[in-house]
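One chain comes next, on its own, written out as structure tokens in the form predicted on its own.
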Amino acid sequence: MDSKIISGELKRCSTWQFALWISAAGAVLLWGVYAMLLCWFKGLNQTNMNDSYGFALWIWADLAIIALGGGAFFTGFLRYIIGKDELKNIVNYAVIIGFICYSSALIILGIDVGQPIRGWFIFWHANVHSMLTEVAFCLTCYLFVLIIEYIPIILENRRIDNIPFFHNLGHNMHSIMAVFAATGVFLSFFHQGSLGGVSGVLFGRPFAYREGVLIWPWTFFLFTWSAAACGPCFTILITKITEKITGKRLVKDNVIELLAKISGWMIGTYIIAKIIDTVYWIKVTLPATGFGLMDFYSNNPFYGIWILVLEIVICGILPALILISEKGRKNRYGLIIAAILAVLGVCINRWVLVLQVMAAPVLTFETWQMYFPSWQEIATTILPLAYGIIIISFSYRYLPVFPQEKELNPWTINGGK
């Protein structure tokens, strides 16, 4: 296959192949943008949200994307604060994935608000008693942190780096990156936690309500914990997908295995805490509100008790055991399965704390409220996927994202075949 040298000496696919790939992703992106414009110009009547579902598919996608983007702050924390030097070979990609996730989250919120031109109201007329105000502040600030962390990667482009000013700027920014990593950890702790806190303080919705420490329900801490645990699995999964598509090894096994091992222990401890929280909720919190466990797990196909088993056992305990085990994480298929399950698990957790909370009846005359999103909601939820593919494609093609790529693929250098 004809190739073209794009980033340093490394070869990339031909221009027409790249253009075809971007065009396919761009078509999906335009579909999402069309749906987004319909929502902005015609209003939220383009959705299937109603009095029962003020929070719906968009909010679930927002929470899930933010959780998966947790790989950025946790990998940065491990690399720059804890000093896991091996992770320097994947931290660039973690930053790019985090940037995509957080910018996508703000795009989704801009659609959900309905009038994004008034988004500045959140900052100028802040409701200091609202957890969502704190979430808005921290999300926005952390996105700026990710942009700052992304800039040095852009400045390492071969042509940009040849300009002395940009070369020195990139070098100096790299030298203070630990400051931004620490700032990102601080901001992420609070906005991840506050997103969980929003569910935990809903005392009128016993399915979500949790006790806790002072004003912080247990979900505050569980959301942060799960994002730090499962976010790195998403980074690993996207890295493996990129390797499959490009046909190259991009990161050495020891780097992936280190991140997988840490993620495995984080998932394991999170699941223990989640089980304790669930048991306490069943035995203490629910009886105090006059409900039992099966009041929230109906016989309908969407919210049976299977969803609890799926979240905790299959997508929690199982990936933790695989990743903690040296044999499990060294096995290529075991690693991928564990990463997929962990990602699915955190998405299910966000799903039930957004959708199942709304679906479950809380009054004696109510029934289960079912909901299916409109095509406009689906299109705008898929929009970040196409957007992410485009950002990753351009970053991989034009930027030195993976420091080990040359070493692992010598046949791509200096005209090799």
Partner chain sequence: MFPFCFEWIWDMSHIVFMGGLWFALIIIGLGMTYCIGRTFYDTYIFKGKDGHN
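Keep in mind that what you see is a predicted model, and the values were worked out from it rather than measured. Numbering follows the first chain given and starts at 1.
Keep in mind the form predicted together with its partner chain is missing from the figure; the text below concerns it.
Screening 332-340, 259-267, 158-166, 243-251 for residues having heavy atoms within 4.5 Å of its partner chain in the predicted complex returns a single hit, 158-166. Taken together, T278, L308 and V313 are entirely out of contact with its partner chain in the predicted complex: none brings a heavy atom within 4.5 Å.
Shown without its partner, this chain lists I154, A273, C141, L321 as candidates; in the predicted complex, only C141 has a non-hydrogen atom within 4.5 angstroms of its partner chain. Only one of the listed residues (V185, L344, M173, L106) places a non-hydrogen atom within 4.5 angstroms of its partner chain in the predicted complex, and that residue is M173.
Contact check for E134: a non-hydrogen atom falls within 4.5 Å of its partner chain in the predicted complex. For F77, no non-hydrogen atom is located within 4.5 Å of its partner chain in the predicted complex, even though that partner is not displayed. Interface membership of A126, defined by any non-hydrogen atom within 4.5 Å of its partner chain in the predicted complex, is confirmed.
Remark: I317 does not count among the residues lining its partner chain in the predicted complex, judged by a heavy atom distance of 4.5 Å or less.
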